[in-house]
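Just one chain follows, in the form predicted on its own, and it is written as structure tokens.
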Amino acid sequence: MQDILALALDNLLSPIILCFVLGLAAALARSDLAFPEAVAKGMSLYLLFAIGFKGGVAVASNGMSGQLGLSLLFGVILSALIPFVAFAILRAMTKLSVTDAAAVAAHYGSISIVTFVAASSVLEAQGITFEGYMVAVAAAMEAPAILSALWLISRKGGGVDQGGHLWREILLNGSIVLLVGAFLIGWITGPEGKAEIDAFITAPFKGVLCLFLLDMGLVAGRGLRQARGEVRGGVLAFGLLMPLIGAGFGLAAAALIGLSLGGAVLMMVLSASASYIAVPAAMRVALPDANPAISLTLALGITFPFNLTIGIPLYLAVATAILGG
């Protein structure tokens, strides 16, 4: 327990987390602090490119392996399976409609790339290495959850728009395209390509991440203010419970695959996080009757801060205890 508390304290006192806390506090206090939308978009594009590129370089340096294939397979399975678990819990714990429960479940089966990046930074600060191809696993876990949610809602008799526009949203979502594209560029160019742009993707990375999380704090705080009546009771409990359940699935998968400690923590983080970029865009098309205030407030206002402040150090401590350092 002391180790977990020490890790949590170290994480809370890092510039990355404190920037998020600053944004959250400013929004809750109704400050007019804000980032221009173009700047926020530019920061997210930079982070996606940098993490994808570095992951591709890591694969180029270490080569293909059966473990990479297994990691991708298990990532897809987790993303497809977790929405069913989340949907069952929501229907048992809350009074959400079938449509809203399916939409929320999709968010929790998919992943938060920002949480993944923050966890990667924590591991690097602790001197813990991890498999570079985990960024490819992150990309693979974006879409399957959406398909699971659509299957759930169709089985329950809900209305689903499964037209070509939906598939375009899923397959050509900007975050997925950039993450996968940057990964492929890093894989093709390898360490030599990284050396050419290292000053761009390495040195500024944590500074940009700090500013981006400041903006995320502002967004989360405003969402909490606006949806106070929607997220309470069982819904609120779900937002805190589901990350722990997802992390348990991720740890089990990592143990079966044989991932390193760092890789296991990242698999736990991916399984514990909830999407607030790719899935909302798809749900807007597929389930227009779902209330986005519920899913976005849960994902960004409850689960995201929980993972940043408590979840990541907790997952690291649990993985260390079970898998060894």
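We number the residues from 1 along the sequence you see. Worth saying up front: this structure is predicted, and the values here are computed from it rather than measured.
Missing here is the form predicted in complex with another copy of the chain; even so, the following discussion is about that form.
Remark: residue 31 counts among the residues lining another copy of the chain in the predicted complex, judged by a heavy atom distance of 4.5 Å or less. Another copy of the chain in the predicted complex is approached by residue 210, whose closest heavy atom lies within 4.5 angstroms of it. Interface residue remark: residue 70 is not counted as part of the site for another copy of the chain in the predicted complex, having no heavy atom within 4.5 Å. For the chain shown alone, residue 317 is not a contact residue for another copy of the chain in the predicted complex, no non-hydrogen atom being within 4.5 angstroms. Residues placing heavy atoms within 4.5 Å of another copy of the chain in the predicted complex fall in a single listed stretch, namely 194-202, out of 194-202, 245-253, 89-97, 136-144.
Contact residues in stretch 20-44 (any heavy atom within 4.5 Å of another copy of the chain, taken in the predicted complex) are 22, 26, 29, 30, 31, 32, 33, 34, 35, 36, 38, 39, 41, 42.
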